[in-house]
Structure formats: structure tokens, C-alpha cells
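Below, in C-alpha cells: the form predicted alone, a single chain.
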Amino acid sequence: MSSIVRQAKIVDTQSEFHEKVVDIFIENGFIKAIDLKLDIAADEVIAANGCFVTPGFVDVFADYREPGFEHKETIVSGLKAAASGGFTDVFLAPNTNPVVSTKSIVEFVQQKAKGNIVALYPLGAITQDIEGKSLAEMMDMSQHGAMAFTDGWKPVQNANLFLKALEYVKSFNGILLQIPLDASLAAGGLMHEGEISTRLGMAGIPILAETVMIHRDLELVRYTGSRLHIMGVSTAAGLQMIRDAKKEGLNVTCSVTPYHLSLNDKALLTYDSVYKVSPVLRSEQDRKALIEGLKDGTIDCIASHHRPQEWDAKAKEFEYASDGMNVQEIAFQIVIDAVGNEVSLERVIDAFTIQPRKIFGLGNVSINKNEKASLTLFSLNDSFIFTENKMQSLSRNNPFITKEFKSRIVGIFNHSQTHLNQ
């Protein structure tokens, strides 16, 4: 199978063709030729005039709910959503039933995704069954394909246990991921503690719930010399702590969700549970600080935190509704819409492509001759309205349904396969 992408602009700082409009000839999963114009016949011709092509997007944290919660999402439907969203590689949360805390579940996930155009990498649990009591067999899972380790939506609260985990993964150069949330300080909270929560009379989660956990984990990284990736940073104060830690030389990286770049706690004025997420939506000041953090590189990459929920899980009183947004299919559009006027396209693409591969050792992907064809194709001048009938995911807990975006994912190339959005 061969394809030729005609007249697409490359955005890849690793490529000699960066910022040039070119033809790209792909055959058997590899880039066989690139030039300003190619006179080559191919089985498939994609007219990409006005489009951009980049290395394939990587999502470092998404939840496909299988095994155990297939009524919310399956691995198959999740991978369809990923492909639609421009992702060629996805890291899968371990918060399933059974939990991804043994090699057998790691292998189950890999088998379910086998042969798909999107590469799926299981994240193993740090603790057995994500109970926060004893360490899981992380080395065993690593040897069988677990990309990294996290207790996902239930961050490890026991400092001594997390210390042991950081020490343990050093033996095989592993990395831990942690959502920065102190459960005791967040207990009973429903939204960001501030003016809006006071006005609504809803219990708030203080910024302190994030910063206390970040402080603790940074101290443990300083003590152990291990590696930590902080997911879903949501506050200006927390981000500044990470910025300072990086300047100090600690081996710490971080990611932000598309919705924390786009939304603030004023969205909760509607009492709509679709905006109930963890970490919670913060103030406008925090949102702007996150955009600045993406711009200056303090925030390394984007993580969708894709968390599908069935209708019943959201259609109830706010207090009892489940957390999460289903946004992987439009993660890129949300980010571009939120930061496009403030953050360069080059930096956004770096956060979606180069940095996640570098942090987690995925292997470099660049748009050069004889390199593997792992590519994302998109337009920034092709408006479309995101509607339910266009969604590939099984769930619909997405506040951006019916929103018009100015950018569109055209398709992806990966594993000798092509996916083009209709």
C-alpha cells in the first residue's frame, strides 16, 4: 500500500523540511520520498493543500474503561476516538476492573489493541488494585509492556509508599505519573474554592490540595533522584513550583488537559455536571497561568484525560455525578481554540508530539526520508461543528458538542495504515 500527501506544510523542528510545503510519498509504513513536488504514482492520493502535517500526536493519559466498564467505553471505541482526534499513540489509564496491576492485564490490553492504527500503551498501577496499601509488581509489568506507572484517578496518598515506588522504578529507569491532589484537603469538595463556589454555596477544593501534594512529591523526587511526571496541573501556584523544580534540575515533567486551558470555574454557574472533572476547573487567573506555562515550556505536553461516562453517571445531582470529560476526539481543536493567539503552533505541536516521546522513551519520530510514517494531518482553516453523530466514542459527556471549531483533524498515518476523517 502506498500513499502520497500532496502540498502539506510540515511542522516538525526535527525535519529539514520544517515549515516547507511538500509532497510526501509513503510506502509500507515508511516515508520513501519528500520534496517540494514529487512525480510518483501511489495507490492513494491525499490533496492536502492548506493543511499541516506533523509527527503523530501522543496522548499520555486516557481512560478507555475496559475491562470492567465497557458500557462507558471499550478499547475499540476508544481507539476510534483517538484516531479521529489525530492521535497515533495513547497511554491507557489503569483504573479498570480488574485493575492493570499485573502482567496478565497488561497483556490483555495489548491484545485488544493489536493491529490497530493507533498504538496503545498500558499504564500499570503503582499499588496493588489501586488501593494505596502495597506496591504492585511494576518491574514485571514493565517487562511485559507497561509504559509507566500511576494509580491514575486515585493518586497515592501515603508518602512512604510513594517514596518506595520512586526508589523501586529507578532499578529499571521507570517513571511515575501522579495527579497532584491531597485527598484529605479535597474531601467533600465539588469545585474550585473561590468566589464562584461561595456564590453557588458549593463546597470548594482549595489550591492547597494541589500544592501540598506537589510539594510532597517534589521533596520525594529530590530525596530519591527518581523520575516523576505530574498530570493535570491546574493552578498557577502549582505550576510555579514545577517551574522552580525544573530550574533546580529535578527530574520532573508535567502535562495539562485541554479543558483546563479552555475553561474556568465560571462554567459551573450552570450547575451542569458535564463540567465536573478532577482536578477541578480553576479560576481564570489559573487558566491564563497554564497557557503561559505551555508557552514557556514549563508544561511539557498535553494529556486529554479522556474519561467517558454513560448518561446515568452525569444526569444526576452535581454532588453525586461522576467526574470526567470525553474530549479526546477534539483535544487538539480545544487547545488551538484556547491558546492559538498566544502560543505558537510550533510549541503546541511540540507538546503533542516531540516532548511526550522524549519523556517516556517512545522513540523519535520525524518527517524525513526513510523514517517511519507516523503522521497527523490537520487544517487550521476548515471550520466544522462538532456534533454527536460525528463522535466515535460510546459516551457523550462532552461540553463542546455543537461548538464550531476553526481547525479540523484530516487524518493519521501509522502502522502502514491510513485513517481519514469524513
Partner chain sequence: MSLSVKHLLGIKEITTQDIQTIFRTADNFKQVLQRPIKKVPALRDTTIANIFFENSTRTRISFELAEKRLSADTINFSASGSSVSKGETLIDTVHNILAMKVDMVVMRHSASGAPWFLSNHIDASIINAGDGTNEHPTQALLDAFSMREKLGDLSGKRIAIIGDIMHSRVALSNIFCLQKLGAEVTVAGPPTLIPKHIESLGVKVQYDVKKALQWCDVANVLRIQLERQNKPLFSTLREYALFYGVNKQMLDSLEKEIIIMHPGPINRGVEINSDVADSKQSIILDQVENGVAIRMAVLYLLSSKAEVIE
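Since this is a predicted model, take the numbers as computed values, not measurements. Residue numbers count along the first chain shown, from 1.
Below: the form predicted in complex with the partner chain, not depicted.
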Q) If you check 199, 114, 247, 133 against the partner chain in the model of the complex, which one has a heavy atom within 4.5 Å? A) 199
**Q.** Heavy atom within 4.5 Å of the partner chain in the model of the complex - residue from 265, 286, 89, 193
**A.** 193
Q.
If we define contact as a non-hydrogen atom of the residue within 4.5 angstroms of the partner, is residue 296 a contact of the partner chain in the model of the complex?
A. no
Q. If you check in the model of the complex, is residue 319 within 4.5 Å of the partner chain, heavy atoms only?
A. yes
(Q) At 4.5 Å between heavy atoms, is residue 172 in contact with the partner chain in the model of the complex? (A) no
Q. Should residue 223 be classed as touching the partner chain in the model of the complex when contacts are defined as heavy atoms within 4.5 Å?
A. no
**Q.** Among 323-331, 226-234, 265-273, 153-161, the region lying within 4.5 Å of the partner chain in the model of the complex by heavy atom distance
**A.** 265-273
